[in-house]
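Just one chain follows, in the form predicted on its own, and it is written as structure tokens.
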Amino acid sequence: MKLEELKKKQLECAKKVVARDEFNEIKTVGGMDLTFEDLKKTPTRAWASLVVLDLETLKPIYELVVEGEVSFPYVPTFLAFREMPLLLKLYEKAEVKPDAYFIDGQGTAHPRGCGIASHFGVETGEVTVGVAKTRLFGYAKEPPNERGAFTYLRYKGRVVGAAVRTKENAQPVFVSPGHRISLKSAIELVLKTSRYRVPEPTRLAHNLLQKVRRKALKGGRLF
């Protein structure tokens, strides 16, 4: 499929994004992440993980890893088309569905308003938040160096997300609504789940993947 057609899909997705609170109560948060055997190779083997945490204790209550092949090449701003199939496989296999999902990527802070967190949210109907380690879209001032400080990510006067300081003396993370949540609530949820720079749901999902990837590349048993 040509990139122009994929751009149209993203623009259509953006129209379906709900950037306001459409949930009753969030008691569990799941972090989703994905890693590759060879980032520069297509196709390549890949793994996706989900770690679900109790929001009050921040302790994991469920985890799952799935393996598959990724055949869409790495193209900036088209991450969803590379990673979504495996994330959907993970979602379908998960026996525990959290009240909200953190995805390592962008939500509305995307050139066409639908990053992978929004794409996943619209596709599944779940509450999703984009939590990225790097800025993709929009411009923000550096937030004050104190935990909980944030500045808005803006593009042409429109707020698309926020740079959030989750830990003093650490670089901010970039938060944006994925689907069915406001930016205000997304920021609050990220701060509530952060002990280090990266919020616990996605940090633990990433750590789990690194263990699985190392075992797989050594030829060991994964599960």
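Residues carry their position along the shown sequence, with the first being 1. Since the structure is predicted, the reported quantities are computational estimates derived from the model, not experimental observations.
The next section is about a form of this same protein that is not shown, the form predicted in complex with the DNA.
Quick check: do Arg20, Val66 and Thr124 each get a heavy atom within 4.5 Å of the DNA in the predicted complex? Looking in the predicted complex, the three residues Arg20, Val66 and Thr124 all stay beyond 4.5 Å of the DNA (heavy atoms).
Which residue, Leu153, Leu87, Ala100, Ala132, is the contact with the DNA in the predicted complex, using a 4.5 Å heavy atom cutoff? Here the answer is residue option Ala132.
Taking the DNA as it sits in the predicted complex, is Asn169 near enough to touch it, meaning that at least one heavy atom pair lies within 4.5 angstroms? Asn169 belongs to the contact set for the DNA.
Check whether Thr35 has any heavy atom within 4.5 Å of a heavy atom of the DNA in the predicted complex, and answer yes or no. Taking the distances in the predicted complex, the answer for Thr35 is yes, it comes within 4.5 Å of the DNA.
Can you tell me if Leu39 lies within 4.5 angstroms of the DNA in the predicted complex, counting non-hydrogen atoms only? The answer is yes: Leu39 has a heavy atom within 4.5 Å of the DNA.
Can you work out whether Arg213 and the DNA are in contact in the predicted complex, taking contact to mean some heavy atom pair no more than 4.5 Å apart? Close contact exists here: in the predicted complex, Arg213 approaches the DNA to within 4.5 Å, heavy atoms only.
Residues of 97-121 having any heavy atom within 4.5 Å of the DNA in the predicted complex, listed in sequence order: If the 4.5 Å heavy-atom criterion is applied to the DNA in the predicted complex, 97-121 yields Asp104, Gly105, Gln106, His110, Gly115, Ile116.
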